[in-house]
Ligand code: CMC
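Presented below, as structure tokens, is a lone chain in the form predicted on its own.
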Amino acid sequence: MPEMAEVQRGLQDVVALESRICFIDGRQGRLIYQGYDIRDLAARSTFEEVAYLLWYGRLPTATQLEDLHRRFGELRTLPDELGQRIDQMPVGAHPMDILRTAVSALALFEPEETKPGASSIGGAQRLTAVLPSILGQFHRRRSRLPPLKPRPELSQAAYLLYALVDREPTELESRALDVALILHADHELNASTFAARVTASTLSDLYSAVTSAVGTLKGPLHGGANERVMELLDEIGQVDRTEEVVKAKLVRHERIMGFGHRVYKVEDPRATILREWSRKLGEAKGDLRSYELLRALEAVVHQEKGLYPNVDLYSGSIYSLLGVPRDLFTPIFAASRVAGWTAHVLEEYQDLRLIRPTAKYVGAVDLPYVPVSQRG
């Protein structure tokens, strides 16, 4: 057999393509969207501005931002047929299964928006606007909450909170979720974004690409880590038990979620920002229990393993303080990352090349064929 290049398991450090959308400086702990540092965007921008930036490569003017707000409000309403289908889905289903199925089904009712190419920007806006409605439609039915309304006056963050917790969010709550959406909007070639680009590279449609992404995000090694973090906090219970619980898990070689990253060699800048928002929101609600447990957990894990927190460590505490059920944490991730997924799909359409890596074959060769009558 011919010699082949060394295998990079999980494609680690393999440069697969060029992109203008997102840059991660793992050694300096920086995250850049289309040239803008995530710290500046989280402090001064909104999710709507960031979505526009990811799609168009520039920040919007006041008029363009107002138009996008209006467009999102118009696009939030689900087709009647899709709403009926969601209402027929099992209430015990995982919300990510509902989301994956609904995104795929949505394409049946919007054939013009699914065509590959530059015109797919309309589909990108539609999917970003409508994911909170899909989640709200399902969650409200299973929780026996009043029917969902489009609420075009609300920002994406405020609308998502309204859809999931059925109340008017405070300004602080809306801003906390807005920052979380900004921080999760893109992260270069993570597994779900790569899945979307692979699908798009076949010249399949935008909705198929996003369906691939949702299915990939559902995997617990990609999405869901913040749920595991909150489960760990439940297990620890009290700050003075943190070291005992963590050390016992490490002895059993159990992974402590919310720490370490394939790319970042220092603290994830998103964790730095969310840590402060976890504190702010906890203080506002008079409930710093999760924040204090997370700070203790952070100290012990760094002491024992030298690991830094990633974006998942603090995000779950924020969602919990906002009243969001845990099985909706990963769907919220999707409602943010859809902006990045669609931006990458649009970029893939502009520089189309079928993504087709090579595998190193390690199986048998030249086996003699034995007729079926002679096989023992």
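Numbers for residues come from their place in the sequence shown, where the first is 1. What you see is a predicted model, and the numbers here were worked out from it, not measured in a lab.
Here the subject shifts to the form predicted in complex with carboxymethyl coenzyme *A, a form of this protein not shown in this document.
- Contact check for residue 223: a non-hydrogen atom falls within 4.5 Å of carboxymethyl coenzyme *A in the predicted complex.
- Among heavy atoms of residue 250, some come within 4.5 Å of carboxymethyl coenzyme *A in the predicted complex.
- Using a 4.5 Å cutoff between non-hydrogen atoms, residue 230 does not count as a contact of carboxymethyl coenzyme *A in the predicted complex.
- Though the partner is left out of this view, residue 123 does not reach within 4.5 Å of carboxymethyl coenzyme *A in the predicted complex, counting heavy atoms only.
- Candidate site formed by 254, 259 and 307: every one of these residues places a non-hydrogen atom within 4.5 angstroms of carboxymethyl coenzyme *A in the predicted complex.
- You can rule out all but one of 38-46, 310-318, 338-346, 63-71: in the predicted complex, only 310-318 has residues with a heavy atom within 4.5 Å of carboxymethyl coenzyme *A.
- Residue 333 is the only one in 320-358 with at least one heavy atom within 4.5 Å of carboxymethyl coenzyme *A in the predicted complex.
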